[in-house]
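Below you will find one chain, with nothing else, as structure tokens; this is the form predicted alone, and questions on how it binds or moves follow later.
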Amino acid sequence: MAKKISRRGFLKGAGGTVAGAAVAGMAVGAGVTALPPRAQAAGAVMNKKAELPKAMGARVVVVGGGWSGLTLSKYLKKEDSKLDVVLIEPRATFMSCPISNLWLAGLVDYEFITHSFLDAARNNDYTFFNATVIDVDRGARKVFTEQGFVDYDYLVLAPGIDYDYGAIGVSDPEDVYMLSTHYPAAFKPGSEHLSLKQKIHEFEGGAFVLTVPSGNYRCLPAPYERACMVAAIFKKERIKGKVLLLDANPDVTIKGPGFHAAFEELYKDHLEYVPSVTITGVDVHKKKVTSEFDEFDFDDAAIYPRVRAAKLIETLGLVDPNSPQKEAHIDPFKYNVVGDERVYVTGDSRPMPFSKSGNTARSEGKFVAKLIAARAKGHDVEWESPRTICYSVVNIDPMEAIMVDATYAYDGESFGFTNVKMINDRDSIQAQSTLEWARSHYRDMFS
């Protein structure tokens, strides 16, 4: 019987051919056919140093170019210009999830929510590496990508979310593929959003199902804002259709009075809100959502399942065993992986119950940048609460919004909201503040 070899041991001992082995579906050993040339080449690249500028100081590698990763990369350089910062991101272009609901409704153009990673890196003096992270060797302090490895002194993982379709009763890979392709959630910006916009504007009538997941999902008010935007389009275009908003929660999770007022006063004929719906299955072919007690037919849909931390966190063995959403096992006040002060996790993959939103991620990024810069000099800093500022547009003509502004406090057992400012009365002032908030944040990240 062939001896089992660990993934990292195989990577080191076999010249980095683990990537090729995964492709071929076999491990190289006695009596086993050698890997094809292209698979061997892939392994060789993984075991080769990536072609990047030489580090001129302590190198901080940031994985993930979302709101958290972009903020970290900039503010690490602001905290200490001698740090060498490399941002690794597989996408070539940034598309924002915050404000994307407004884009779906035509309130902002595509250029408003898309930006250049190259501009951000050039303007803020760090390196953008357009690559995909495959593995990390924390002992050797190496990040492996399909274009070679990158050495690090400190590593920050900010890979965002993935979807947990099994939590809504869809676990067969073929069914997951069909559901995610035909009725994408559109909370991971990119093709999903493009697909959803086309669905909305080509909808001919009937029931358009949107869902709100359980747990701590990406941006608590966003599904309710999206429901308002879609209903507003149906109302404006006189489409004989209705948004059916199926919520896994017993009530609107945040800014409830403001959203309920919009549902009743603006969209009574175009939106039906159904709370406490635990989805147990989705039949793509029959266009049917099944719950514990009911079935809901639909003509089109965007199914938002429960979220989990990005699968990279699990691949690297960093999952908190007590996290039902497979989030990272980190110090909740310092963000470093438990037992490793060289590796940090920020943004939507962290386990603390802070909002998984843009403003929260940015404020966390600033704190962790300050912390790493201090630790690189042998110092430390006290924990600072992230800040959640979230505007939700609920009407398009005129454009009106509601908002919440809050920080967090720890009571010795758990985190909770504090210093909460809530505006549930929709008005145009909040709508304009929504756009100014977005512009100021985009400017800060990219210029």
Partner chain sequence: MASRRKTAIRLPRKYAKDEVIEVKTRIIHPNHNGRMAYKDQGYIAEYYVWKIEIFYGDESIITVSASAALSQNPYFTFMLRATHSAPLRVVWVDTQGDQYTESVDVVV
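Here the structure is a predicted model, which means the values were calculated and not measured. Numbering follows the first chain given and starts at 1.
Keep in mind that the form predicted together with the partner chain is missing from the display, and what follows is about it.
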Here the chain appears without its partner; judged in the predicted complex, the stretch of 240-248, 174-182, 225-233, 316-324 with heavy atoms within 4.5 Å of the partner chain is 240-248
Hey, in the predicted complex, is Gln147 touching the partner chain, heavy atoms inside 4.5 Å? no
Touches the partner chain in the predicted complex: Phe296 (any heavy atom, 4.5 Å): yes
With heavy atoms only and a cut-off of 4.5 Å, decide whether Gly190 touches the partner chain in the predicted complex. no
Is it the case that Val274, even though its partner is missing from this view, gets within 4.5 Å of the partner chain in the predicted complex, heavy atoms only? yes
Exactly one of Ser214, Ser195, Asn359, Ser291 has a non-hydrogen atom within 4.5 Å of the partner chain in the predicted complex; which residue is it? Ser291
Tell me, which of Pro257, Gly106, Gly281, Pro90 has a heavy atom within 4.5 angstroms of the partner chain in the predicted complex? Pro257
